[in-house]
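Here we start with a single chain on its own, the form predicted on its own, put down as structure tokens.
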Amino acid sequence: MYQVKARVLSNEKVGEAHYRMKLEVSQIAKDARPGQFVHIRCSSDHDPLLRRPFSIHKCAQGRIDILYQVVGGGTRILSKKRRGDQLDLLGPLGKGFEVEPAFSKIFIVSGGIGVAPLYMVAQEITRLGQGKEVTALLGAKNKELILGKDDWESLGLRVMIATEDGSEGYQGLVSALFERLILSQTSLSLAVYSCGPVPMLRKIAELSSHGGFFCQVSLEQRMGCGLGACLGCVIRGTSGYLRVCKEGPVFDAQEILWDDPDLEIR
């Protein structure tokens, strides 16, 4: 883990309230693994007081990208940053995805801004598993909220879209599309990687458990320190309490008690 000053290379609006920020930060870029995150101080003063966690979306050549949605004061401040500005970062933090070349078929399932930590998973899978059958399912309320479709297609994956209003691809929830695609799947050599709203993840976990598939999910949770000390991001798991910033943010789907009221995705 490093605490560094990262230089903003760009901060591009890519959707209705979504931005992609590129940061020059060679130490973190060198060590980051798919699914890990950085903890960013959004302002140089004390408002907001706490850092904000952001999944590492891309990582290459001494830089990282974060993909974020403006939802409050911290992200609103972040959206105003310009090229040359500096941000105080901690990272890379947390436990990432276990990407192995052992699976013959892989599904990557994202809902909304949940796409953010999954792109690096896809990059690593394609690097390790040439010839694998990999399907990326991208879900959102409408086609304007589908993020990074061209990037996913450039990896050579099979990309399928689900929109709730039917404006592009399958009409309905991305979890329903996933269910349709795996109905005939019986192979235990199948892996699922997912991030998105809790109801979606709950359904993905249920379907994967029923099929006997390997399934990992990335959770978003309010955090204080990001280092496991403050216990502000604790959820309940099958083995006891779990800190999302330390034991996660990536978990085996069966580790989580999905009826825990403390689960929250924003």
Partner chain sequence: MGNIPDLRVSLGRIHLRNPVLVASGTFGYGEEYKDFVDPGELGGIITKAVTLKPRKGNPPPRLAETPAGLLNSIGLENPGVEMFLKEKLPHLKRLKTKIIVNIAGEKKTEYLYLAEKLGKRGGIDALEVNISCPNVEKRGLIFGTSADLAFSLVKGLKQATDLPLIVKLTPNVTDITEIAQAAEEAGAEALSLINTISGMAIDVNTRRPKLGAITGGLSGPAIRPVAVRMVRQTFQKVNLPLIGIGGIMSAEDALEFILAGATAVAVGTANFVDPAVSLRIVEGLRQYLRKMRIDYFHHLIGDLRI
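Numbering follows the first chain given and starts at 1. These numbers were taken from a predicted model, which means no experiment stands behind them.
Quick note: we don't show the form predicted together with its partner chain, though the next part is all about it.
Of the candidates 219, 50, 70, 207, 50 is the one whose heavy atoms come within 4.5 Å of its partner chain in the predicted complex; the others do not. Only one of 202, 58, 33, 236 lies close to its partner chain in the predicted complex, with a heavy atom inside 4.5 Å, and it is 236. Proximity to its partner chain in the predicted complex holds for none of 176, 181 and 253, with the criterion being a heavy atom within 4.5 Å. Residues of just one listed stretch (22 to 30, 194 to 202, 41 to 49, 60 to 68) have heavy atoms within 4.5 Å of its partner chain in the predicted complex: 41 to 49. Its partner chain in the predicted complex comes within 4.5 Å of a heavy atom belonging to residue 224. At the 4.5 Å threshold, heavy atoms of residue 8 stay clear of its partner chain in the predicted complex, well away from it. Among residues of the shown chain, residue 90 is one whose heavy atoms approach its partner chain to within 4.5 Å in the predicted complex. The shortest heavy atom separation between residue 228 and its partner chain in the predicted complex is within 4.5 Å.
Residues 2, 3 of 2 to 20 are found to place at least one heavy atom within 4.5 Å of its partner chain in the predicted complex.
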